[in-house]
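Here you'll find one protein chain in two forms, each presented separately as structure tokens under the names structure 1 and structure 2.
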Structure 1
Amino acid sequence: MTQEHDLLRITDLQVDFNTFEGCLHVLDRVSITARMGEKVGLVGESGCGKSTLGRCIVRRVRPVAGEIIFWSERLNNVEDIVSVTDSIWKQLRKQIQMIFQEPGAAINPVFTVGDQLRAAIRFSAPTHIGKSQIQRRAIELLQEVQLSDPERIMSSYPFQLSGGMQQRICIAMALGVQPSLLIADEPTTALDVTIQEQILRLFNDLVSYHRTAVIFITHNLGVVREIADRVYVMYAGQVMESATTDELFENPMHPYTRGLISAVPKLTGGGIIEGIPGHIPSYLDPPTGCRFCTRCPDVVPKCDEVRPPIGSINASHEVACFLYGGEAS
């Protein structure tokens, strides 16, 4: 499989949640792709459906419509994660890993780091691998994530380690499975600024070394600009814009993308940032058309009634907005 092929292709994904108040329409026909070795940023305000999309990929959440097509190098086949059998999913799960926002909640507190790291390695290792080989690989992984004294850490419990160390262990456990796709859901949000920088640099280096495709979920545009090759901008369960990272920041097209970028505080100052007026619409009764229409400074009458289709600005830049001549879908 080459860099040009899609490792993951999500098409028209729709997710609803039934609550006592009614049905929440959280994801509305979301489509994204990720190629082998590519780092894809998924950015948007908190509550826009980014984490829900990530959990759909690992089957923590079941969509009501759409496809999640994954190319499995080990099975040499293309599978739809939504409809695949449990036996096939068990094999695919070894190739797809997810790092969660809270490392303390992702590691079992009653087992040592060594027990959990060895279990992660054993999960994907050949059946003939010995205990000494697993132990050696576990120590190597801790060294790869730049944790000193790995023997001591192997015998430690998670509560005996700092948040930054716990997050490094989560990264080591995910990479120990040697996944083709890694989903990182706000992996630095709970850490202080200096540790964030260390984790991001480490994450970037390791992913490049292992040639793992990454979907990096965050609301931090600075993180996206530093780590992603390509970016999808989400708002209220819809994809507003997608482009290469450089092009998105140099030439943002959608009014929401422009609002996000202009809301980032500048080191040079320049007054108080106002942000984007208004609030995300209720998922119980979202607009039929573009969900950003209630906050958009460039809204036209049909925006509330008809969802604008994704239109191509060029080969690497797409935007869903009637400002750019798209016809109603």
Structure 2
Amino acid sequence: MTQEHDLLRITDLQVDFNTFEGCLHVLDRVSITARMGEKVGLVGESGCGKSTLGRCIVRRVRPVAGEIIFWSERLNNVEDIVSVTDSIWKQLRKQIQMIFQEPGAAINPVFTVGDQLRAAIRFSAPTHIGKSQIQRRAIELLQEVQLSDPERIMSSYPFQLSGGMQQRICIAMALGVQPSLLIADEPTTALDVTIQEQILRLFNDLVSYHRTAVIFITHNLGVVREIADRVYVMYAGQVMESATTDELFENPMHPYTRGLISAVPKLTGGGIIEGIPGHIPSYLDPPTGCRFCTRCPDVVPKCDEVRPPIGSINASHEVACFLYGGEAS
């Protein structure tokens, strides 16, 4: 049964933001899936809409079109997150946890860390659990995210902790809920390499023990390579390519992915953007076709008019580019 059900299936998701300057068409027909216990990487340069996609899944952003089908083991049912009623969403939401990009944004500044961590454990538990048990679990979680001196951390307020500590507390809280889907939005940006390493291992263990699926949002290809089973490459609000991690790094097909990967060795702290000349197009008036067409070395005339269909290279490799089929124009 687990194999049959995709845990998450997003189809043709479209997100607009109405702003003072006009309507930003940020996500354009984004489709991704995640199976139970799968680690899915979501990469793309800054501003390409990764966080927006994550926020749609937890209903922080309302899409204008598309579906987000989530299979709930607890309800033994599939629901469309975009259109479910509030009462069903209330039952679903505990199963989807998001670790937000801004460390500390998810921690209430006027309560102790312990208060919030214990609340996460207590209220997400399917049955009532005692105080001492909650306390033990809280300490365990803080140790899991490599925070030493858990008792002190628990009695601290967020402002007394560093950004990296706050980030790990957010991770601990999300883990405390034991979700079936975890969306981790750049969860290791504020951490140094050794701790980052340990946190990545933690995500790995999580998946193998609890069959939690993780959507890992990052612009760091090294992290993706280490953690993800499968990767989606996004550019300017469109999914360009998806493949298993090994396949993607060995055989990148989309011109954007190729640029991205070949740019990595040149990286010295800058963004991946440096490898490819040009800029992300404006979301106010993006090309109706492939949004990479303004920077693509292999561009053909129809690219900016027609969206290349997503073509399957093999069972686990899809790419949206006219270089690989979709001749009909």
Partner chain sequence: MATVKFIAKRILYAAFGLFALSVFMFTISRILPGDPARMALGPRAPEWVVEQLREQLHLNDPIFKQYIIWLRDAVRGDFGESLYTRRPVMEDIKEFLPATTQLVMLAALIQISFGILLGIIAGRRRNSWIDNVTRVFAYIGVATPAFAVAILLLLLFGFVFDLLPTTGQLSMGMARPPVVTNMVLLDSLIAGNFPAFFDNLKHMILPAFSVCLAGMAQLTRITRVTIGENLRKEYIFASRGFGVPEWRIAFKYLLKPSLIPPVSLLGMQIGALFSNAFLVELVFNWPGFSRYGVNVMLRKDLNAITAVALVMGVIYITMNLLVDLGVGALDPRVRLGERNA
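Counting starts at 1 with the first residue of structure 1 and goes up one by one along its sequence. For the two forms, the rigid core is made up of the largest set of C-alpha atoms that agree within 1.5 Å on superposition. Note that the coordinates shown come from a computational prediction; the quantities given were computed from them, not determined experimentally.
Enquirer: Of structures 1 and 2, select the one representing the form predicted alone.
Expert: Number 1 is right.
Enquirer: At a 2 Å cut-off on C-alpha positions, does Leu202 qualify as shifted between structure 1 and structure 2 after fitting the rigid core?
Expert: It does, since the Leu202 C-alpha is displaced 2 Å or more between structure 1 and structure 2 after the core fit.
Enquirer: Core aligned, does the CA of Ser162 move at least 2 Å between structure 1 and structure 2?
Expert: Shift at Ser162: 2 Å or more after core fit.
Enquirer: Tell me, please, whether between structure 1 and structure 2 the C-alpha of Gln133 is shifted by 2 Å or more, with the rigid core used for superposition.
Expert: Yes, Gln133 moves 2 Å or more.
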